[in-house]
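For this one, two forms of the same chain are given in structure tokens, first as structure 1 and then as structure 2.
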Structure 1
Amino acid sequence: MLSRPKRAHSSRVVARLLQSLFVVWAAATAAFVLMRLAPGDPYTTRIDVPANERAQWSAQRGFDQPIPVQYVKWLRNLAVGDFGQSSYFKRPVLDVLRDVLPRTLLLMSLALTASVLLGMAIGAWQGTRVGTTGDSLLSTGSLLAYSVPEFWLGILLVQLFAQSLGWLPASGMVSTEYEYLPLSARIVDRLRHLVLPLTALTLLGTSLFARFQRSSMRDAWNEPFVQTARAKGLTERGVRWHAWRTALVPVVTMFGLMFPSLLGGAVFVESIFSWPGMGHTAVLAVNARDYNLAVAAVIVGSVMTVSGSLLADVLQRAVDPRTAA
């Protein structure tokens, strides 16, 4: 009896993984088709290259072959992790990804962690005090934070903290003199560069989580089991904990589902702060018609989204006994 649901569970996991793989493949294919349909080529922006040299370049990279042939070749390479050459950075796309992706992941994971903690704390506090002045103020605040576009927030932060006050660096990941600094100063330098982009991303994420946690906490707070818990003589702290456990489920699901919007935000935030991550690189890539790098950015985005929704599933199972098979 015990082995049966277990097998059903593992086959469901396999099916889910296959489905995710399909989604990534389909997104990659769509990106490939889109890039090949686009007018112009990676050399459109290079007026300095003579025509015959350009034809030679194209032939070298297989751009003169029919699209289906290119596609099969591209897919075969992709399967072994070969994304091709980046025409902008003049080195393999995989190398570029290896450099820029960790920087975005660092920014995103820190922003997510901070957003979840802050957002849940604020939202849970509000959810038990719906209608009070404090709740209204915080609601207005999170509505405002939620409505400010990341790039404008970035401009304001740079203007205030970097230009006017001069407290923090405006752009980049390290200072120009980074190489000559001792270790402790290097760490401080890196942290100082993190503060502003992280603040911009975190403010957005926090408002999202707070809004979500507030409504789920409010719903849980009105459930009969909260009354029961109180009637049993639980302390107010205990009652709150009880309600929060239930209110956690939708918020935790949200955690995984936030990856794409956070990555979208990272595109703007990284561009404002010249943070050399995936988002900033994607903007450079599309502007330079660097097809291989642009396709890789789409694939990375799709992988992140898919892993986010897988994570949402796993987390939901972990916190909600009803869905844990």
Structure 2
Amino acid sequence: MLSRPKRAHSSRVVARLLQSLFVVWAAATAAFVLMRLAPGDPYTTRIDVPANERAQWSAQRGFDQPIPVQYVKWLRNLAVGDFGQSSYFKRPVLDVLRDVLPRTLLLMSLALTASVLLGMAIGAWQGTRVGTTGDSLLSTGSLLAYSVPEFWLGILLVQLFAQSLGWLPASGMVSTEYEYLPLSARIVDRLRHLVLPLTALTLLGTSLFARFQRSSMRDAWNEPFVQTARAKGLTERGVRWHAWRTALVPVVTMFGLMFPSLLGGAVFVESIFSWPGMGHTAVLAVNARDYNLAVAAVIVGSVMTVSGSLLADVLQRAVDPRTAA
């Protein structure tokens, strides 16, 4: 028989999972309705096809039916894992997602890792040196980096490093001659194409993590246990280590909550750099009124968002077991 704390923990887990499912369903439903309320459909936007054929195509696929009828059919198909056919790519939606999602995950995982490492290191350094010239300069730089919109930053990087200096490619994931390059040159080519979009996303995440880590480290640095540790003869490095561990809890929470920010930033960054990921594909789907692909992209984004929130809870409990009580 389960003890009361274990039953309470299990209930919280079930409640969080149900809440996550509701969020995904609500986001997908909103995307479904809004896409169909927008003017046109996947076939009426085809100006290269006569109007009567476009109307016939729309009727065959049920786009002329009331939205509630379309919604019930969509839910029925979704329940069996059928996301439908992409009208833009002329392929099943799941096949399109299998191609583009790993590219976005690669970009986001690298950006998140770099943001965490750089942001925590910068913020921890600032938190123990509040008010110094270095702290002021880094705080100003973090604020500027966080305030700059992703699309403007991406355009600036392209103008500077791709067009003006010619150091890095401006778009794409590989060069046109990629297939004819030796293995070592292929690796270098992929890395060169990755630098600019990764930099744009990493600057946003680093500035956010640095600001949170600085604030948390500053509060921990002023706690009585820091003075006690010094009085007991602990080295300055040891004092910083204990203060940093105490300051981790709010920063770890931000780790999971960064998923929505990075995913939103990836939409702009992938569009600017023509990175063939999910964000770029979602923009194409919306512009082409590709209902099935656009809604599927929203579902994947919602799943990633709620997964980040659940991950933040798990990490927070691991860093501070008191939150599990």
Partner chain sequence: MSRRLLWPLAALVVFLIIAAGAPWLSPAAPNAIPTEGIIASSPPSAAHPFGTDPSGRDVLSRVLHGTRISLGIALLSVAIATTVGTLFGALSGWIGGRLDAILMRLLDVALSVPRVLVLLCVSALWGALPLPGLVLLLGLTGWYDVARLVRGDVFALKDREFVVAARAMGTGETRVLWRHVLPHIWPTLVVTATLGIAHTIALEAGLSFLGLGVQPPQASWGSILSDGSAMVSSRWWITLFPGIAIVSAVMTCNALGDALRETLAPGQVAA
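Computed from a prediction, not measured in an experiment: that's the story for all the values here. For clarity, a rigid core is taken as the largest C-alpha set superposing within 1.5 Å between two forms. Along the sequence of structure 1, residues get numbers from 1 upward.
message: If I had to pick the form predicted alone out of these two, would it be 1 or 2?
response: Form predicted alone: structure 2.
field: Threshold 2 Å Cα movement between structure 1 and structure 2 for residue 272, core superposed
entry: No; residue 272 is a residue whose C-alpha shifts by less than 2 Å between structure 1 and structure 2 when the cores are overlaid.
- prompt: For residue 300, is the CA shift between structure 1 and structure 2 at least 2 Å following rigid-core superposition?
  reply: For residue 300, whose C-alpha is compared between structure 1 and structure 2 after core superposition, the shift is less than 2 Å.
query: residue 30: CA shift of at least 2 Å between structure 1 and structure 2 after core fit?
result: Yes: residue 30 shifts by at least 2 Å between structure 1 and structure 2.
task: Can you read me the CA shift for residue 21 between structure 1 and structure 2, rigid core superposed, in Å?
output: That residue's C-alpha sits 2.9 Å away in the other form.
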